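In structure tokens, the next block holds one chain alone, the form predicted alone.
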């Protein structure tokens, strides 16, 4: 048998890639992980260190319905989890609304006249609904009325996805807001006002309303730094600052040759492996394979949404308890504000100071993305004062972090493209495995990504496909045997907006 550099080569040291390496090295140390970032592991779940201030890229609560995933978190980081209170609010027209809503607070903030107009708008929409709503706007208007649509749905949705609510399909709204009506929303809001928690049909507190969560005391990067150290301690190799360039498949020998490039020197290196796990964006991966897959043209059609974080170091003169605040105000570009001291006090090293992360959703190369850091910092200082969370004069330092390909976009054709890609790879490249959010072009959470890695490693070690990793559902659970009807009913992905289909 031909000698190789590693049994398993992994592209990317994010949650999926490092979970795969961690699980594989329990049985075999012959693993190489290549990570483009020269400093940080963890991918989008990394923790950035700026002059001793630690901040999360996006905010990552550690909560999962999969006991396997929870057990693995505790196995990797047994002593460093803390329990944090969960609190988030909505900012609209100078007022803050608890999320989930509290009825009396909402009535007070909106005022009697606006509240009455919202009720009238709802009554009108129910009496005169739009027949066969095609857009997100039309569907929400039918369910809640035009005024509530504009207050609590329109602005934030358009900021996150970069599309008008008149372009987003009604199908997404029906799936994302399934079972919710103004009546049920009011009931829940009244219950929240009295401290009663909404429960599902099994009597469990609804996941989105859970009021505490686990969090590594120094941020999520702490988890993945620990995982990386344990992989190396078992004999695995993690190559930092090594950008994946291309890979070639020798079908006769059953061996991959993977080329990486040092991001500082430009020097290229080659490694051979029997299996490759990729967490790289599918669009980039498919253009890098030799011989070229016939489905590479499908991969080029896949799209992504990007975002950037402006972290402001501020004098903590206006403390607030939220983990994050959703900004529904159309007069500012910021979409969400992270309050890192509320995630963990250990993220902020100095008393009397705080770190606020302003998140701007954008497309790579657009106006926001291309702004100079200095311009983005000035914009963030202006907007943090505009929403009343801090004064611009209290900002003493700042940093900008850009995150490309943060969210895979589900347009009308993405499923067709991914099906062609999956079929092509399974037929012609049987030892190439796709896992994780970008690796599978799935809008996965951290725990979902980890589960796809765990199952893939079991398949590799067994030498056969025991599990279909594409069947990991939204709660990071795995369904091995389902009836056809159950498969149809199973939501295997978190839903994201789809454009309206042309008539």
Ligand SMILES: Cc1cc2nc3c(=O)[nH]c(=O)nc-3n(C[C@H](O)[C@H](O)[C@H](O)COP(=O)(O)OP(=O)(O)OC[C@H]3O[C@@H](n4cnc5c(N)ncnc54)[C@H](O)[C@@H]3O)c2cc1C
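All figures in this text were calculated on a predicted structure; none of them were measured in a lab. Numbering follows the first chain given and starts at 1.
We do not show the form predicted in complex with the ligand, though everything after this point is about it.
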Notebook entry, point to check: Do residue 45 and the ligand share at least one heavy atom pair within 4.5 Å in the predicted complex?
Noted result: yes
Check: Even though the ligand is not shown here, does residue 298 get within 4.5 Å of it in the predicted complex, heavy atoms only?
Finding: no
Note to self: Is residue 16 near the ligand? Define near as a heavy atom within 4.5 Å, in the predicted complex.
What the structure shows: yes
Note to self: If we define contact as a non-hydrogen atom of the residue within 4.5 angstroms of the partner, is residue 87 a contact of the ligand in the predicted complex?
What the structure shows: no
Checklist line | Sole residue of 161, 429, 244, 326 within 4.5 Å of the ligand in the predicted complex, by heavy atom | finding: 244
Notebook entry, point to check: Of the residues 400, 348, 280, 77, which one places a heavy atom within 4.5 Å of the ligand in the predicted complex?
Noted result: 280
Checklist line | Which of 430 to 438, 465 to 473, 47 to 55, 23 to 31 sits within 4.5 Å of the ligand in the predicted complex, heavy atom basis | finding: 430 to 438
Next item on the list: Go through 49 to 74 residue by residue and record those having a heavy atom within 4.5 Å of the ligand in the predicted complex; state none if no residue qualifies.
Entry: 57, 58, 59, 60, 61
